[in-house]
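Here you get one chain, nothing else, as C-alpha cells; it is the form predicted on its own.
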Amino acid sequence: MRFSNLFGKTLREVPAEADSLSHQLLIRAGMIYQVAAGVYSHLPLGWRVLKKIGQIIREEMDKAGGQELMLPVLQPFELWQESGRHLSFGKSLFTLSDRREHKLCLGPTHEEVITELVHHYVQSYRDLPLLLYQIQTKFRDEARPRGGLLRVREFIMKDLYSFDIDEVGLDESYQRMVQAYKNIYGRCGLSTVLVEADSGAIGGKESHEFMFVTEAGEDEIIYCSNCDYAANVEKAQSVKPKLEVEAPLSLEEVSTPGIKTIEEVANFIGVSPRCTLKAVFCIADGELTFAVIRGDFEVNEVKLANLLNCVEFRLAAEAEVEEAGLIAGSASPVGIKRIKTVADDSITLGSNFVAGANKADTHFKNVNYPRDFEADVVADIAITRPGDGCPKCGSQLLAMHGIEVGHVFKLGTFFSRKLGAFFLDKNGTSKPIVMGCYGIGLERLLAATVEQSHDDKGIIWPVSIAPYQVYLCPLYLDNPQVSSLAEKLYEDLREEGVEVLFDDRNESAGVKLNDADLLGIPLRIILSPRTLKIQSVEVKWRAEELTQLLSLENAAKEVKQLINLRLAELLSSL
C-alpha cells in the first residue's frame, strides 16, 4: 500500500474527547473514527489489525474443534422472555419493533439464538459434543461508553458455545477453550492472567476472565502473594481476620447524640471499627432488604445482588429507609422481624459488637449473633481487601488493576432447560444439554494491545497483528536514484509476500519518521542518499533502538527472513 493512497490521516495533537491512552493513539494514528458515543468506524489500518486478530482467533477455534457459523443480529424478543434475561440485561438491551409491531432486539450476545438452533438439530447423544462459534457484531446500550474501544455500544465479538452430554464433557470443553484463549493472546503478543469472575447477566455457575494487567484498567484484581489464586474483586473471597471472642455480655443501651457513622460510633464508644456492626439497606426487585456486616468491612453489591437472586438491585435512599420505620445511622437487625435480613459471615468472627438501637441517637453495646438478632441468610457479602488472607493458602492477598480481554462461562443447563434443548442419552432418557460459552471482544483486545505496547512516540504493534509488517521510508524522494530504487524495493518486498506500507509522500524526514513511530509498524526500512552510497538500507525494529544495514540487492529476502524469525519467536513462546 502506498501511503499517498491510504485513507485516513495522522494527527499531531491529542484529541480532547480521547479518555484513554489507546483511544488517543488509535485516533491519532488514523485507525478509528468516532461516529457517536461508543460507536466507531474502523479505518483501513485499524481494520487490517482487526482482521488479523480475527484470523488468529479462527485458527485457534478451528484447531480446538470449533465450527464457524453466523447467527443473526436481529433476535426475537420472545426468546429473551423465555430465558428471562430481558430482565437481567435491562436497559442495556437494544429493542425495536418491525412494521407488524413484532418486538425484536439487537443481540448483545447469542445464547438464546444458538440454544434454540441446537434444539432443532440435536436429538441424540451421538450428535454431541459440539463447539459452534461466530465472529459477529454485538450491541449493548452501555450507560457510560468510555475508553475508546474499551467500552462501546457496538462491537465485534467472537462467541463460541459448547454443548456436551454431562459436566465431565463441559469441563473438557472449558479447558480446551482456556488453552485456545492462552494461544490467542500469546500469538497476539498480549500478556494476560486468568482470574475467577462474576458471571453477571450471562449467567452460569462458574466463569473466568482473562485480564491484561495495567494501572489504567477499570477492573480490580485480587491475587495471592504465594499461590495461584486470582479473582476479580466482584468475585474474590478471603479468610477474614477473627477477633478475640469474649463471653457475651448483657445488652446495654448507650446514648449517642449526633453520632451516625461507623468511625464516629467507634470513637465515641472507644472501640475499633471491627467491633461494630454496619447496616446497609438495598432495594432488591422492589423489596427493602437489610444487610449487616462487621464495621471494618464494606458490602460487595455484586455478591449481595447475586445472593438475593434479583433482577433489579440498588442501594436504598434514606427516605425509603425512614418510610420503613428505620433510622439511618442508628439501625441494626436487633428486634427487626419484618424485613429480610442478610448478614455477612464476619458477624460470626467476634462478639459484644456495638450496633444501632433502632432509636434516634442511641446504640447498643454487647450485641451478639444469634442471641440478639436473626438473619435469613449468613454468607460472604464483603468486598475482599488487600491484606486479607488467601482462601486457598492463607497468605496475604494483594491487588492490581486490569482490562478484561476475554470471558469464559460454564452455563450448565440453564439455557437448555429454558429453551427446550434436550437430547436422548444411551438409555433413551431425555436430558438437558450441558452448555458453556466463551467470548473475546476483538476491539477490546486491539485496544489492550495498544495499552500494553507503546511509548511516548506512538504504538508498537506485535508483528503478528500489525496493519503492515514493514514501513518503507525513503528519504529525499526528489532524488531520482532514491525514487527509482525505492519503487524497486517496494515491488521486491511485495513479491516476497511482505506486507509493506510504502511512504511515497514528498514530506520531510521528520514528518515521515514521526508517522512511522506513531503507526507502530514493526520494521522500518530507511533508504536515503546516505545509505545508497554503500548500496544498503537501514532497518530498525520499532520496539528496539539498534539499527542494522542490509545489502540493497538482497534487502527484500533478508527482511522476509527477519519477519519470519520474529513470527516464529511469538509461536515458540506458546
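Just so we're clear, the structure is a prediction, and the values are computed from it rather than from any experiment. Heads up: residue numbers just count along the shown sequence, starting at 1.
The discussion below concerns the form predicted together with the RNA, not included here.
Between 476 to 484, 246 to 254, 175 to 183, 374 to 382, the stretch whose residues reach within 4.5 angstroms of the RNA in the predicted bound form through a non-hydrogen atom is 476 to 484. Contact annotation: of the candidates N514, S41, Q55, Q548, the single residue with a non-hydrogen atom within 4.5 angstroms of the RNA in the predicted bound form is N514.
Contact with the RNA in the predicted bound form, judged by any heavy atom within 4.5 Å, is made by just one of Y229, F89, F94, F281: F89. When contacts are judged by a 4.5 Å heavy atom cut-off, E142 counts as touching the RNA in the predicted bound form. The shortest heavy atom separation between I526 and the RNA in the predicted bound form is within 4.5 Å.
Although the partner is absent here, R85 sits close enough that one of its heavy atoms falls within 4.5 Å of the RNA in the predicted bound form. Proximity of R530 to the RNA in the predicted bound form falls within the 4.5 Å heavy atom cutoff. Site residues E68, G389 and K392 are none of them in contact with the RNA in the predicted bound form, judged by any heavy atom within 4.5 Å. In the predicted bound form, the residues of 397 to 424 lying within 4.5 Å of the RNA by at least one heavy atom are, in order, H407, F409.
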